[in-house]
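So this first bit is one chain, no partners, the form predicted alone, shown in structure tokens.
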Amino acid sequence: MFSQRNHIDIVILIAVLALMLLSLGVVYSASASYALAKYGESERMLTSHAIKVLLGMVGLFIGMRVNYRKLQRLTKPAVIVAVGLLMVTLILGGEAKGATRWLRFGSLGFQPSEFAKYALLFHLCTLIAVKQEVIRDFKRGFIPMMVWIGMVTVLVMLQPNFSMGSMIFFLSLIMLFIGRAKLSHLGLTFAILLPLIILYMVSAEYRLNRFLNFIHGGGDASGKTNYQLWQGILGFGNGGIFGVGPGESKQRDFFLPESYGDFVFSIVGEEYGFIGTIFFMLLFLMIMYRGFRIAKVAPDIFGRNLAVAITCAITCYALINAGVTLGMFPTTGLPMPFVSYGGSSMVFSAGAIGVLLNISSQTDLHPRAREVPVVGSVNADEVNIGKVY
């Protein structure tokens, strides 16, 4: 009897697990001095990060085991829950550095915007799949999707979280473009919203200063402009080609604030040098290449769009985070997936990769074994039974 079983994309799995495991050493090195000063234990933040990595792995393997098609009927409830959580965050969320982005349950913290990002993208994939015939219709196709995009984006912007809100909006437009929405509709939306985005950006002095500092060349060592970016760039300079070695960073001890978070890539550059940064980025580029390859051969429209959404979300965050630490983009608060210290990003990104791997297992890219019936007296030499491809 003929049968065929496929397996997941092993390359993506290895790349993600490698990033997670490497992050343990990077985060420990970046946070040890800070944790010792604040908590009296240099391993305190490493322990916390290790738990988050473990939870991320659990999310990864759960995502792998659940048939991605079953998620299609859950995306609308998920995005409704996400909108509700964002509203609750604005009212009851914990404030940090002037922003209300977290819901806290005792010592545990949860960032609803990370959940909302994937809930929205997954729901857009569902809408694109079921609205194929009307997606180019402004009222019946485009407007309903923009309503969901607008609700999530505005609620995230109100926290305020300009970088996250902008990325959610940007990724959503990518999905509408992939879904073959009319370019005229996308252009009209962009033309209407651009003045509002500019007005929002200049409405807060710190956002305006970040943009002006970027335009004028980043910063200076005096700390008068964009001190964190300047110190991050110095970290890359200190690392050179081969780096100063694990645990030998000077920037993390004395100069670079919160080096374990959004600027963790600077510590990678200082301790592991140009070679280390290239290795990290190659892992993300491999995820991007394999993810788009999975999308190309996905068995249905929902799977194709889901693969594109997950791949874009992971790799865009990684590339922008790296670009920010190198001074190529204005300073943002976007983490590097699987590397930066933070549980919400780790768990939801890993779960999304699990879904991507589940899609890959249902394509013909990775056939594991194929059994072919033997007819009559056909020799074993003429038929390969259980051949591994």
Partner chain sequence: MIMFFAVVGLRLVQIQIIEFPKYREIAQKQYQSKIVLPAARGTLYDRSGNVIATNSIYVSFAADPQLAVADARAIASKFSNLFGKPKSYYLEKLRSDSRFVWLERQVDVRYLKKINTKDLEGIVVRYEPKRLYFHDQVAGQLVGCTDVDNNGLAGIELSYDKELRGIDGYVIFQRDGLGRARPSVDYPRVEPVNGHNIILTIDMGLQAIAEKELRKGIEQNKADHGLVVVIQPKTGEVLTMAQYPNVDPNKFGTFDLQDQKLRAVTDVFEPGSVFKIVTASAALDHGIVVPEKRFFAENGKYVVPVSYGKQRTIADTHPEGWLTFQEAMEVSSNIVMAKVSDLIGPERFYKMARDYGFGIATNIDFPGEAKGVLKKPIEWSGTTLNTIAYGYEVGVTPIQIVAAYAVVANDGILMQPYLFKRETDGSGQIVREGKSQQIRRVISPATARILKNFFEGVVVHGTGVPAQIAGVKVAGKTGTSRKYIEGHYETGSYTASFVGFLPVDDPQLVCLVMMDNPRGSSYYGGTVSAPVFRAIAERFMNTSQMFVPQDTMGAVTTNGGNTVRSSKRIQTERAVDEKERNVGYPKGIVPDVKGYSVRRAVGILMTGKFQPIVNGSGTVINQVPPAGQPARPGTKITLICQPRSSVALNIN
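All of these numbers come straight from a predicted model, not from anything done at the bench. Positions refer to the first chain, counted from 1.
Keep in mind that the form predicted in complex with the partner chain is not shown, yet the notes after this line are about it.
Undergrad: Could you tell me if residue 258 has a non-hydrogen atom within 4.5 Å of the partner chain in the predicted bound form?
TA: Judged by the heavy-atom cut-off of 4.5 Å, residue 258 is well away from the partner chain in the predicted bound form.
Undergrad: Is residue 328 close enough to touch the partner chain in the predicted bound form, meaning at least one heavy atom pair within 4.5 Å?
TA: Residue-level check for residue 328: yes, a contact with the partner chain.
Undergrad: I'd like to know if residue 237 sits close to the partner chain in the predicted bound form, meaning any non-hydrogen atom pair within 4.5 angstroms.
TA: Answer yes; at least one heavy atom of residue 237 falls within 4.5 Å of the partner chain in the predicted bound form.
Undergrad: Is residue 64 close enough to the partner chain in the predicted bound form to count, meaning some heavy atom within 4.5 Å?
TA: No, no contact at 4.5 Å.
Undergrad: In the predicted bound form, which of 180-188, 243-251, 110-118, 76-84 comes within 4.5 Å of the partner chain (heavy atoms)?
TA: Among the candidates, contact is made by 243-251.
Undergrad: Check, residue by residue, if 230, 233 and 274 all come within 4.5 Å of the partner chain in the predicted bound form, counting heavy atoms only.
TA: Contact check passed for all of 230, 233 and 274.
Undergrad: Consider the chain as shown here, without its partner, and state which of 285, 90, 301, 130 has a heavy atom within 4.5 Å of the partner chain in the predicted bound form.
TA: So the residue touching the partner chain in the predicted bound form, by this definition, is 285.
Undergrad: Can you pick the one in 322, 46, 334, 347 that has a heavy atom within 4.5 Å of the partner chain in the predicted bound form?
TA: Here the answer is residue option 322.
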